[in-house]
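As structure tokens, one chain now follows by itself in the form predicted on its own.
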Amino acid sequence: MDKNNQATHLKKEILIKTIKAFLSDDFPENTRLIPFDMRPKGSEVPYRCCIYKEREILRNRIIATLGFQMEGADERTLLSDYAKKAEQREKPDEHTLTVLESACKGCVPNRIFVTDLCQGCVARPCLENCKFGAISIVNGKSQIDSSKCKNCTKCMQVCPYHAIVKIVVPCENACPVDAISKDEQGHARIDFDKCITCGKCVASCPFGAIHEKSQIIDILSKIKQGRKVVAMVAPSVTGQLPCNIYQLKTGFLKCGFYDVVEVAEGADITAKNEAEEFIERMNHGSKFMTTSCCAGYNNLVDKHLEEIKPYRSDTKTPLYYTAEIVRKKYPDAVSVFVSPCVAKKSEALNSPDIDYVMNFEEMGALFVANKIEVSELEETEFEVEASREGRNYGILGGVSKSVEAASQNKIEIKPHIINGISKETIKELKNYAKKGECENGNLIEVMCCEGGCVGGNDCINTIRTATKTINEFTKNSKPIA
């Protein structure tokens, strides 16, 4: 779904107001007042039936922004109490996503449906072409038995009146691993045993009912405590805001961060290690290898694609190596990854060197709340300058090009790119694993999000604009050594 929509604007407004409340003299009380400030008595009710429903949903969005799970939450607990708990919390919750029941529309299930446009034609191609016996004729018109229907859409394709349509539930339809279903009340439920935290459900829900639990208060609390908080910025951060990466570093320092490190520095290590691994595998007879830098893809392999595991690279992610660098340099620091997607939170939860994750939307809100115009800031240089290839990791094809450059032409690399994880690309990967080869190439770059990391669910800018900005910026960067 296009990021330029009311649900995204609403999320941004709540983020800014929550951060401003934290920066104020009375965080708990000012947090409690946010729903009333946003929907004061007598104001217009833009989305729901009444102002009280609007305030309830705003309250639940704030609770998720404070980092809490909404499933099973006690409605009697005041927002001010949630704010206090968030400020005192020492460790993020296990699950990174939560469903706001009050915001969920309770959509009908995905299904094929015959509309009133059906003319009851003599040809009845829908009936003739259904292989599952799901279509019958009632009172002269087609009717579909949902218990028999396999959603093959053949009837839709052959209907001359386009009278048969597919009713789509955005979150369910977007999920590539069927991790979302309906409960007894029709509300969305996430099966975390299946979920790969790709964030597609978050990006697709037009009601904003599936919410990423924020860690922004945890991060700001550590800064307030006087801890050394180090930001590790993803390569895809370039192009998200109207500034260059050196101005962005200045912005983080102004917000109280102790230091800022490019994860592109870790990407250089990943590229070199992956190039060595690729050469070794090919020399030992392997027909292909997949990349391993995408957290969403790694979750997919670990939970659903056991057969592709032998072909996945064993090299660690750029974030892994960057976090190691930061921990070695600042042993007592709090490390924060600045991320384009929710999937990296699952990686951080399993790493002793990554404490928190701040997404790009939260980064933008942080600068707004602090009244920082990043485009007007002076530049602050990085202690270590990453390579052109490392800085290109966030765009489609950037990973395979980095590995190719790091291999120094010691072996022929034929890249093949999986541009986004979907049911179709999962079948494609399974097919490669079954055959033991990929006819399209020998190095498969797998990106969970279409367009690469710049297409992550937490990105601010469009894929096209961000990619163009990164390409222009990296022209003057040094090549990988």
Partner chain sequence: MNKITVKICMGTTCFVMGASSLQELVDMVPSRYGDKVEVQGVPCLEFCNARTEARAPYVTVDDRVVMNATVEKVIEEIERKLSNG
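Numbering follows the first chain given and starts at 1. None of the values given here were measured: they were computed from a predicted structure.
Note that the form predicted in complex with its partner chain isn't included here; everything after this is about it.
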- Note: exactly one of 251, 176, 208, 364 sits with a heavy atom within 4.5 Å of its partner chain in the predicted bound form, namely 364
- Considering its partner chain in the predicted bound form, find the one stretch among 262-270, 241-249, 68-76, 324-332 with heavy atoms no farther than 4.5 Å from it. 241-249
- Kindly indicate whether 9, 462 and 468 are, all three, within 4.5 angstroms of its partner chain in the predicted bound form, using heavy atoms. yes
- Task: Using the partner position in the predicted bound form, report whether residue 128 sits within 4.5 Å of its partner chain, counting heavy atoms only.
- Result: no
- Message: Check residue 94 for me: does it contact its partner chain in the predicted bound form (non-hydrogen atoms, 4.5 angstroms)?
- Response: no
- At the 4.5 Å heavy atom threshold, is residue 137 in contact with its partner chain in the predicted bound form? no
- Query: Does its partner chain come within 4.5 Å of any heavy atom of residue 284 in the predicted bound form?
  - Reply: no
- Near its partner chain in the predicted bound form, with a heavy atom at 4.5 Å or closer, the residues from 150-176 are none
